[in-house]
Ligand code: NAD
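Below you'll find only one chain, the form predicted on its own, shown as structure tokens.
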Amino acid sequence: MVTLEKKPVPTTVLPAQPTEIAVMNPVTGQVIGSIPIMDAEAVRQAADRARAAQPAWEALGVKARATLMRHWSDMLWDDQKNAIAVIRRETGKTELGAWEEVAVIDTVVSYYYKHAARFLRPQTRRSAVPVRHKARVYYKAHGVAGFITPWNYPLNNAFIDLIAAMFAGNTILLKPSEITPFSAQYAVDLMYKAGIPKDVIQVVTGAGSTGAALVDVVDYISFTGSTATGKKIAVKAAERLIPCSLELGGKDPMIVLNDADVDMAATETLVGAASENTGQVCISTERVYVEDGIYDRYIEKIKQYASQLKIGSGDGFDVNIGSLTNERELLRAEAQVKDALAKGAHLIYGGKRRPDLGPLFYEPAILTNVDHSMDVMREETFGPIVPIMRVKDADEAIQLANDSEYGLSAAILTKDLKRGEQLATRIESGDVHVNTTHWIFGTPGLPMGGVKNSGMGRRNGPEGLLRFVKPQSIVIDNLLMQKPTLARVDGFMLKGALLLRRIRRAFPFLPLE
């Protein structure tokens, strides 16, 4: 009998899954720290803590919550030097750009501190039976609100929405971008110092899997980021029947009319398209349509002002353009410029890397002779590219502005303010600026959000607060002249309803609805 030797069966050894993510300084390329990758169970446990803390947080009342929030924003303002340093270390943006993040958050907190109690106050509504019934509406928090936020404004975009959610009585799970997590953690730690309980707001760190786990456990989800990811989150929220709000991609147009101040138009274009956060802005100007009568003078002026832009990583509010935050955006910008040039566009300024300043610095690229066959006129850019197209009149400009799957923001430059406002209403976007850009962020009373593939829901204003509550309607019957009956409507109520109808028809101006 022959005995065969048993050989061991080879096994496949899978590489160990990473447990941490390194965070880089985009200017120097150096690692500045790391964050843990929280798995689904860790996220669920955080949600359990938040859900347990929520009733007490809501029971504090709006005014008590507002006092804590304002104390936090005052502490942030007083510590703005450190806040700016944290933001710049993660993003590579200019000192002014980082300061603006602090300023916007401070403004939004001040707005809701003043108005939140009034917006959330129980309301008395007109009832169907005015004599017998009293109708009231109460606003209740959803519970645990989840926020998935991007890297381009790691303080502003992380907190501009959740501020309203906290005022409304929700507890928070914040999943910041893995590229820029430390700005969010810094601000949350400051909340704890301000007296806000730790389970009321928690940071959950990680990449896409952590974000997906978050959607599975919260009662409301807010997402700011790409349209592709936003659609996936919307589907998941629909499956769970939870509300969501999405601020997604943009391809924001600017229209320069013949009567515009040519110098103001040129400088505002550069601010809107290139200077602000190096073009890494959801509401960045990404397409420029210039009427024929002003076109040539405008081109000369924009080249003149572009040459005066100060690019670098230095301190001071006079630095216009900082570093891009990650290589993906640099490669995307270069690919769009290459595609445009291959299809006939002209590069009249910039469009090259500046390795002498840092690995991700890129001179603003100004393109002319562009059209809608080019990626740079149709796909989101997120970099300092200024594509400029000549148009015959405002009607053509508006038609081209609306020829996009996106609709987030827009701008019109003209001296005729009444006409500018009228033309603005014809543009398919969530907001339109006349003779400026980007100020929608700094105007907390105005709702901001997109149409079409730019998302749904609004931040800021009463709309930005009320999305974080669910209305509860209460009808109170005082039983006036009511007797026991099996009829749904008794004789008294029927006569009253018929009389009310006649009054409404005869006197439609009376406040009876």
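All residue numbers are counted from 1 along the displayed sequence. Source: prediction; values computed, not measured.
Omitted here: the form predicted in complex with nicotinamide-adenine-dinucleotide. The next part is about that form.
nicotinamide-adenine-dinucleotide is not shown here, and in the model of the complex it never comes within 4.5 Å of any heavy atom of E95. Although the partner is absent here, K232 is a contact residue: one of its heavy atoms lies within 4.5 angstroms of nicotinamide-adenine-dinucleotide in the model of the complex.
Residue contact with nicotinamide-adenine-dinucleotide in the model of the complex: W151 places a heavy atom within 4.5 Å of it.
At a distance threshold of 4.5 angstroms between non-hydrogen atoms, A411 is out of contact with nicotinamide-adenine-dinucleotide in the model of the complex. Relative to nicotinamide-adenine-dinucleotide in the model of the complex, residues Q45, H142 and I172 are all farther than 4.5 Å at every heavy atom. This chain is displayed alone, yet in the model of the complex one of E268, E380, E276, E100 has a heavy atom within 4.5 Å of nicotinamide-adenine-dinucleotide; that residue is E380.
Between the options I348, A212, A237, V203, the residue in contact with nicotinamide-adenine-dinucleotide in the model of the complex by a heavy atom within 4.5 angstroms is A212. Partner proximity in the model of the complex, defined as non-hydrogen atoms within 4.5 angstroms of nicotinamide-adenine-dinucleotide, places exactly one of 184-192, 359-367, 333-341, 222-230 at the interface: 222-230. Within 4.5 angstroms of nicotinamide-adenine-dinucleotide in the model of the complex, the stretch 267-305 places a non-hydrogen atom from C282 alone.
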